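The chain below stands alone and is given as structure tokens, in the form predicted on its own.
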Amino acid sequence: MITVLFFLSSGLFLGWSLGANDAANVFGTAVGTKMVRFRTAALVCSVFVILGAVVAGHGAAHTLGRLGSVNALGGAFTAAFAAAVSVLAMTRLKLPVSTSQAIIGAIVGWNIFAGKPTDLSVLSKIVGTWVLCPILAGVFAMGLFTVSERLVRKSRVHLFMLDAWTRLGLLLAGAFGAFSLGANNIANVMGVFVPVTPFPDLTVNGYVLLSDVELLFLVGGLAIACGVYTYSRRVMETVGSDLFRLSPVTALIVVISSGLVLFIFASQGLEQALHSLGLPAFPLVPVSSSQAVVGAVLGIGMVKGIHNIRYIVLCRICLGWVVTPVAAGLVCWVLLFFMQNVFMQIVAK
């Protein structure tokens, strides 16, 4: 059992890193505009990210498994650890890096080291979402901003009432965004451990309360919550205020837009509904909350005037997105070499 917990620790480290980076972005704009206190945001985010992970985390994890099924506990430990190290390094640079990109890069690194084929069709689908995610969030934000601006102008609501409704809206939208994040991004944290999960089903009187995978996702969700509480303020500053100055109303729009994007790429129910109508469905893949938030912020910036966007900050963010998967893949390959040849651990079968 001690050995199992040791190998699982890298997944917990990655979950903590995701909480410190990606999960913080759900409430980053709310905290950055001083509309919601950090402690309140962290509590709401933690509760709903755990619920999302346990209740609806299977869809994106399935797609991640098709990219590369890490079939040894030592390999899963190394892939998760390599991704976590990459995310932590970017977080220390105050960059809202994508945990999704980090774990994808690590899995590809494992595939190369183990001599396993990488499903290029799945990889291209995932990489395509890295482009589609911020664009879709930006489109949502532009539409919502235009509509909300007209509604506020016509309603002539009192500023104090508008402020109160905005605060409530930020909390509700943040809860939805956190749930969607847990459902979508738990695959990043624990997806590589699904084929080798160490947990049994939790049963009471013959009834399965939680399956082995749901228990795995629960542990990962708790790790994400720890990351939110202990190390998320740094990235909130970058996304919440540095890239583009947001008002409370625009901060609400960013939270709603990013939550919608995460939900779209995680909802099995939505996928089935679109298929039943004969419509193409969005792929169930883990996408980055950082990319969604940045896309939404840029969408509002384009409506209000592109001259207000801080392009130096934007370039730093985009550089982090490019470097992350490459760095995670290289780190994973090097660590796998040491795990197999120095520590004599089985990293692939």
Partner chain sequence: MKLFDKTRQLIEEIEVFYDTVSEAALVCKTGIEYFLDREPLRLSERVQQMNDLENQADSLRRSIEHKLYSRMLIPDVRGDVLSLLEASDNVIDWAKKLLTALDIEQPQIPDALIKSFRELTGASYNAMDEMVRATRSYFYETEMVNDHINKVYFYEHEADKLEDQIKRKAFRGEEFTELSRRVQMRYFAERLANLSDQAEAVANRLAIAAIKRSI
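Positions refer to the first chain, counted from 1. Since this is a predicted model, take the numbers as computed values, not measurements.
The form predicted together with the partner chain exists for this protein as well; it is not shown, and the discussion that follows is about that form.
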Please tell me whether any heavy atom belonging to residue 73 falls inside 4.5 Å of a heavy atom of the partner chain, as the geometry stands in the predicted complex.
no
Report yes if any heavy atom of residue 116 sits within 4.5 Å of a heavy atom of the partner chain in the predicted complex; otherwise report no.
no
Quick one: is residue 81 in contact with the partner chain in the predicted complex, heavy atoms, 4.5 Å cut-off?
no
Although the partner chain is absent from this view, report whether residue 248 comes within 4.5 Å of it in the predicted complex, heavy atoms only.
yes
One stretch from 126-134, 142-150, 261-269, 218-226 that, in the predicted complex, holds residues within 4.5 Å of the partner chain by heavy atom
142-150
Given that the partner chain is left out here, which of 202, 274, 112, 162 has a heavy atom within 4.5 Å of it in the predicted complex?
162
